[in-house]
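The data below hold one chain only, encoded as structure tokens and taken in the form predicted alone.
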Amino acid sequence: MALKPLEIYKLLPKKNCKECGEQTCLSFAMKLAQGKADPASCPYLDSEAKAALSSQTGAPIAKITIGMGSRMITIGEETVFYRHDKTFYHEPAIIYRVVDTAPAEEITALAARIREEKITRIGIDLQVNGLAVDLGSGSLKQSVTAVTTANEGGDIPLVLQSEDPEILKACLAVCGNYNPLICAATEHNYRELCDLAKKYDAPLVVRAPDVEKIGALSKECMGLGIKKIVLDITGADSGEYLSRATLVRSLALTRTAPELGFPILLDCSGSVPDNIVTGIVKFASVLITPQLPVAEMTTALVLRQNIYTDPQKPIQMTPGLYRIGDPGPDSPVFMTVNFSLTFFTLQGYLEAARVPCFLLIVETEGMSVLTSVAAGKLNESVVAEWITKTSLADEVNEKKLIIPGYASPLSGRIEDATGWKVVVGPRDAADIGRFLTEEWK
């Protein structure tokens, strides 16, 4: 079980030296219990206490990386069972599967699709993450050729799927320096695969028929020095997977079974789309799937984005000056907040109105217009600051600013602070078209 603040406090030196950044040892203990501080921050902890606290206060599910560079996948490091308790941190990697018997052209085309295909939603690019090569042909030459083709460029994270140590050894000689995920160690081959995982410092999947045996195998691998483990708990159907995933997550979060404190893999490559949805919603960190049609891919990516968005932190736009259409010096200038939903709603209605304009987005910590006005996050100083930062005055002939209807109480103060004439726009973005044709001059 995770240590409570008072239990942690008993292990601390109780100097209240403030060198850790906290005012007292008790407040440091509370931060440690919440996973918001590092035991190493205390310079007076002895090595034994530091080791005990590190094992009990870090994330109960290990952080694992797959691949290298800008497309590197980070999984694990989760701390809660329910998203609304805090948040989920690392979204599951969706990995397309290809067999090593596929023609080189097919593997190259799939890699290109993974590399290039994306959808953009609320300003965020969503993509499939990597490529799993099923090395089931039994041919060493064919497997190595397929992995070489898949790894061309070295930018796409790979999963090597085989239980044959010799095939994996030959394929790792091609791509081992790119941190692929080795899949999978079983009770029959785990010693050989642990040797390969240590040689290349690569993450290793462990696979067994049930949770108890997966835990036992994971413990064996840990005993051989393997720290980067992924648990394959794929069941016969989504119901069996759900039961296993729930048990593993519970035991990991309570630290009852440290050998299960690792990310989870779900192989959906031969199953129905429902399993993909189940995996995204319930704890999978790696999802191996067949190539998905665009509609199904979009559904999976959007669902993943929704589940792994912090419920306590609004999605924000980068403040700045945006252009709708091709505005000129006589075009209208709208101002709004950096809450993404507000931005994209307003953007849509402005584009539909077909009137080129400027859109000034100011920093309000992602709050909506009404909320930011009430909280004081949207005020005349903020507006003046962003007018200056964006050099907005250089873009237009007339200093006239259209503010949201809900910000009307600020109109006079904005005029005084900026020297710009303020026009109060509609409260509802749906009225933007009418406002531009009937009221704007």
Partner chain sequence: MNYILPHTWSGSIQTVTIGATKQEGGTRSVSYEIGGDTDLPFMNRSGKKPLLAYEICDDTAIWPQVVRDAMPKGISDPASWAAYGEKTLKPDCIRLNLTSTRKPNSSDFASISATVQSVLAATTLPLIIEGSADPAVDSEVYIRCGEAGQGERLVLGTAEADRYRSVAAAAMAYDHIIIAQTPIDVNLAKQLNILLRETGIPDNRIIIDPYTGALGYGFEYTYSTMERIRFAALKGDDDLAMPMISAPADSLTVKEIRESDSPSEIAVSWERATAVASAIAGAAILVVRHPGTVLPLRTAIDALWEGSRREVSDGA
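Think of the rigid core as the biggest set of C-alphas that the two forms share within 1.5 Å after superposition. Everything numeric in this text was worked out from a predicted model, so none of it was measured. Numbering follows the first chain given and starts at 1.
Another form exists, predicted together with its partner chain; not displayed. Remarks below refer to it.
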Report task. Establish, in the model of the complex, whether Pro209, Ser250 and Ala257 all lie within 4.5 Å of its partner chain, using non-hydrogen atoms for the distance. Result -> yes
Report task. Using a 4.5 Å heavy atom cut-off, indicate which stretch of 139-147, 327-335, 220-228, 291-299 touches its partner chain in the model of the complex. Result -> 291-299
Query raised in the report: Taking heavy atoms only, is Ala173 within 4.5 angstroms of its partner chain in the model of the complex?
Result: no
Query raised in the report: For Tyr96, is any heavy atom within 4.5 Å of its partner chain in the model of the complex, or not?
Result: no
Requested in this report: Using a 4.5 Å heavy atom cut-off, state whether Ser162 contacts its partner chain in the model of the complex.
Outcome: no
Query raised in the report: Should Leu370 be classed as touching its partner chain in the model of the complex when contacts are defined as heavy atoms within 4.5 Å?
Result: no
Query - Contacting member of Ala112, Met72, Leu321, Val281, with respect to its partner chain in the model of the complex [4.5 Å, heavy atom] - result: Val281
Query raised in the report: Among the candidate residues Thr108, Thr101, Thr246, Thr87, which is the single one with a non-hydrogen atom no more than 4.5 Å from its partner chain in the model of the complex?
Result: Thr246
Query raised in the report: Hey, which residues along 229-245 are within 4.5 angstroms of its partner chain in the model of the complex, non-hydrogen atoms only?
Result: Gly235, Ala236, Asp237, Ser238, Gly239, Glu240, Leu242, Ser243
Query raised in the report: Does Ser368 show a Cα shift reaching 2 Å between this form and the one not shown after rigid-core superposition?
Result: yes
Report task. For Asn338, state whether the C-alpha moves by 2 Å or more between this form and the one not shown after rigid core superposition. Result -> yes
Requested in this report: Determine, after fitting the two forms on their core, whether Gly325 shows a C-alpha shift of 2 Å or more between this form and the one not shown.
Outcome: yes
